[in-house]
Each structure stands twice: as structure tokens, then as C-alpha cells.
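First, one chain by itself: the form predicted alone, in C-alpha cells.
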């Protein structure tokens, strides 16, 4: 025994060094695994962003020579009276789509988290809108809502035969509806995964205490979905800044400029007015707004390193 004791003591540092070596190998492996994604992000995210930032300090019509012009493009954009309106419409669409999508996605996700087979079938059906092109959806709804040849005229329903895309408030409502209809399935899928991660023992304990389904939903499901809500909200808010194709095909920013969001304003400035400098400045503003909102939501989420799940 006395002869073995020193050997055991000597093996402790050796095993510790072995564990440290294994940790180092694991870290190096993770670095190599993350490297392709990092290269892709730099190639398709960082470098184009730097190019857009440089273009915002130039004058270019998209074909001719690119000429440095200092802050001319930024001054033109920041003094344009259309910028505050475009920002207002962008935040209006962002807020209303979040208000519609979040509660419906949570309820739908909680419903689909059940193990019944008919719910799995419904989940597949609910997911179909997300598979369709935004431009195709816009063309379809534009035809269906046509006051002369659309659904209202065909079914002889006066309520549906309104000029949905010709009145400002109705047009904004149609945009909110179509965006929500398309993206609620995606966020419901996120919430479905979040609900399934909640330990069943929590619901069993609540059931023993006499809590009904409504009480369980508000006392267990919603608090446990805190970080899922933050993730889904970040995707909704930042994603709403990129709404372009659907609005461009559906309303083209009209009637007037009632649905002219910032992304659409950037396209019109760059590719219809051939002012690439101001369009690049608008793109930079979009990036800054998106980063600020993402950071704000992350702050609201608190410490993301701690888990809300029982036992985690």
C-alpha cells in the first residue's frame, strides 16, 4: 500500500494534464469546425457590408464611374422628408406584425407540441405558407383582393369587394395579414420545440396542486418560453426590416407612400432613381437599426447563459 500511494499521487497530475490536453484538442477542433462558417460570414456578410459603407460616400448611377463625394449622399438621405415616413411605416409594420404573430405563434406552438397524430398532420398543413415564395403570395392576394375580379366580386360578398389595396389603412392591414399568415408557421415551429423542452414533471406537479390548463399555460409554459420568445422576437423584428419583395409586388409602396418601408425606399432610390450612394446610406441605416434592435432584445432577455428549465 505504501508503495502504491506515491504512484497514485503521481498519476493525478498526469491525468489532469491529460484532461487539459483533451480540452485543448477539443477547443482546436471546435475552432476548425467554426472556421468555414466564419469564412462564409466574412465573404457574404462583412465584405459586402464594407462595400456598401464605402459606396455611401460616393456618387454612382450604377453604370458609370464611381466618384467619391464625401457626405453628400448621407446629407441627401438624412434631409429627405421621406426618410422619417419610411422609418415610421417600417416600425409600424414591425410592431403590428409582432403583435399579431407572437401570441398566435405561441398558442399554435403549444397546441402542436402535443403528441397526438392529428396535430402532426396539422403542423404539416400549417407549414405550407412558409414554403411559398413571397412574390407568389403577393400576386395571389393581389388577385384575390381585386375589387372587380377578385374573391368578393366572385362570391358576391360586398365586405370582400372593397378596394383593399387602394386605401392606406386597408393596404397596411393587408400587408400585416399576409406577412403574419406566411411567417406564423415558422415561429410556431420554434415555440413547439420550446414547449417540448419543458419538463413534464412541472405540469404533473401543477396538476396535483389543482392547476387547470389555463393556469398551467400562464404559470409554467409562458415563463419557460422566455428565451424562446426573445429568439423569436429577434427574428421577427430584424426580419421585418427586410420586407421588400412582398410589399413591392403587393402594393409597390402605395397607395401614395402608405406602405413604403425603408427597404423598399432603398430599392427605389438605388434601382429606379439610379442613386446608389443614397441607397447605400439607407442600407447602412437599416443595418444600424437592426443591430440596435437585436442588442436591445438581447438586453431585455437578461443573462442568456442561465437556463429557465427545471434541473438545467
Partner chain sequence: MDPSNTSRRGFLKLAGLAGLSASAVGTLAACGGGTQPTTPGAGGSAGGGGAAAGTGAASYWFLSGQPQQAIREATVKRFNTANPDAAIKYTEFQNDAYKTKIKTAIGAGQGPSIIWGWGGGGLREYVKNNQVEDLTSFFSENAAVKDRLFPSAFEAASVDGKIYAMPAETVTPIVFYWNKKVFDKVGVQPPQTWDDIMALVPKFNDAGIAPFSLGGQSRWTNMMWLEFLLDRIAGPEVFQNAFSGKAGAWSDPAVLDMLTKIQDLVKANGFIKGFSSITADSNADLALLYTGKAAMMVHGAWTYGTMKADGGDFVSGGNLGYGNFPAVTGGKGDPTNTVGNPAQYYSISAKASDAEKNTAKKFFSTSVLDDTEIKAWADSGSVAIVKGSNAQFSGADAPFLNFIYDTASNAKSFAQSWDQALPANAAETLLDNIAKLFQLSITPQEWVDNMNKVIGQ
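Predicted model only: the values in this text are computed from it and were never measured. Numbering follows the first chain given and starts at 1.
Although not depicted, the form predicted in complex with its partner chain is the subject of the following passage.
- Contact check for residue 274: a heavy atom falls within 4.5 Å of its partner chain in the predicted bound form.
- Although the partner is absent here, residue 250 lies within 4.5 Å of its partner chain in the predicted bound form, judged by heavy atoms.
- Although the partner is absent from this view, residue 165 contacts its partner chain in the predicted bound form, with a non-hydrogen atom inside 4.5 angstroms.
- When contacts are judged by a 4.5 Å heavy atom cut-off, residue 148 counts as touching its partner chain in the predicted bound form.
- The three marked residues, 57, 130 and 203, fail to reach its partner chain in the predicted bound form, with no heavy atom of any inside 4.5 Å.
- With its partner chain left out of view, the stretch that reaches within 4.5 Å of it through heavy atoms in the predicted bound form is, among 119-127, 155-163, 226-234, 183-191, 155-163.
- Contacts with its partner chain in the predicted bound form, taken as any heavy atom within 4.5 Å, map within 249-268 to 249, 250, 251, 252, 255, 256, 257, 260, 267, 268.
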